[in-house]
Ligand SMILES: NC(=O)c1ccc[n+]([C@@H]2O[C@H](COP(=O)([O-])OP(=O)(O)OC[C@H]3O[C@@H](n4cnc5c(N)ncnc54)[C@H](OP(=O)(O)O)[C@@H]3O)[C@@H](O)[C@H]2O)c1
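Below, in structure tokens: the form predicted alone, a single chain.
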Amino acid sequence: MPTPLNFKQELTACFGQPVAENPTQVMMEAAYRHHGLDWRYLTIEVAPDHLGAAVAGARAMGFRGFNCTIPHKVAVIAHLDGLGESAKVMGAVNCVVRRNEQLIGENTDGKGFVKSLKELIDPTGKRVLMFGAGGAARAIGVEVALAGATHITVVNRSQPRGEELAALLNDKVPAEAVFVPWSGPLDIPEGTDIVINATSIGLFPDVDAELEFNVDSLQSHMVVADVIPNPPRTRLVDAAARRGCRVIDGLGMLVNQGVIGIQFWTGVDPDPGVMRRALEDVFGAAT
């Protein structure tokens, strides 16, 4: 008998708002094609008030999983069946996986970031300053501490959120964390080894937005990382490079967390080079 034709594709997605500027689809579908997977990755605008309905829809339509980005990384937890270990510690989810008909929240952001970071510097014993206290900052803070960082300064405009993240880090991980209010231009303290932008400042279309800090306080021994993937060369990355710092753009974290997501969803170990090159082709920025 002839082999039955199968026109059903497995579905994955990204839920966010705004989400049109999110390039994840480019690298995920490149990986699916490269590995011969008949899967799709959809970029879907989901307003906060509709998040529950979107998760219910993904459940009903048999999605194999989905990513969550701004502003859903914390709010999505209420709509899931359970959390993986990392997401439980962080209180944030960026990757949802269907397991035995249950939707389980995982967090791959922090692990993806640390993998990029270790290509330039070993976090062990290092002092970190991180801008932001949202879902990405939670994930990065926890994983950087677990990777050996000894001190993390959390800089955030909202004092309650900043204090909450510092308290979470002090409670959950083997690192000292302090909160510093962000009420004006900030000097990067002497002795800082790693500077991280874990905010959305500089994300397309607001590409001219800049972190409010004194660029001259960056020193050449520092590693400066930006989580913004679009554009890959943010104002922060360019300014830090001019100061002689080693820099990490947002594509590194995006690719590495995407690799883990595909492993969760498909069981396939995807080629990160294929994923990175697809993004570089889109942005015209082979770096």
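Keep in mind the model is a prediction, meaning the values are calculated, not measured. Take the two forms, superpose them, and find the largest set of C-alpha atoms that agree within 1.5 Å; that set is the rigid core. Start at 1 with the first residue shown and count on from there.
Below, we refer to the form predicted together with the ligand, which is not included among the displayed structures.
Peer 1: Let me know the one among I70, L42, A47, A53 whose heavy atoms come within 4.5 Å of the ligand in the predicted bound form, would you?
Peer 2: Contact check passes for I70.
Peer 1: Exactly one of A149, A137, V96, M90 has a non-hydrogen atom within 4.5 Å of the ligand in the predicted bound form; which residue is it?
Peer 2: Filtering the options by heavy-atom distance leaves A137.
Peer 1: When the ligand is placed as it is in the predicted bound form, which of 166 to 174, 129 to 137, 186 to 194, 98 to 106 ends up with heavy atoms within 4.5 Å of it?
Peer 2: The contacting stretch is 129 to 137.
Peer 1: So in the predicted bound form, does any heavy atom of S158 sit within 4.5 Å of the ligand?
Peer 2: Contact check for S158: yes, within 4.5 Å of the ligand in the predicted bound form.
Peer 1: Please run the contact check for T153 against the ligand in the predicted bound form: heavy atoms, 4.5 angstroms, yes or no?
Peer 2: No, T153 stays farther than 4.5 Å from the ligand in the predicted bound form.
Peer 1: Does any heavy atom of I228 come within 4.5 Å of a heavy atom of the ligand in the predicted bound form?
Peer 2: Yes.
Peer 1: Give a yes or no for G261: in the predicted bound form, does one of its heavy atoms lie within 4.5 Å of a heavy atom belonging to the ligand?
Peer 2: G261: no contact with the ligand in the predicted bound form.
Peer 1: Where, within 240 to 264, is there a heavy atom within 4.5 Å of the ligand in the predicted bound form? Residue list please.
Peer 2: G250, M253, L254, Q257, in sequence order.
Peer 1: Taking the rigid core as the reference frame, is the Cα of A241 displaced by 2 Å or more between this form and the one not shown?
Peer 2: Shift of 2 Å or more: no.
Peer 1: After core superposition, I'd like to know whether P71 moves between this form and the one not shown (criterion: C-alpha shift of 2 angstroms or more).
Peer 2: Yes; P71 is a residue whose C-alpha shifts (by 2 Å or more) between this form and the one not shown when the cores are overlaid.
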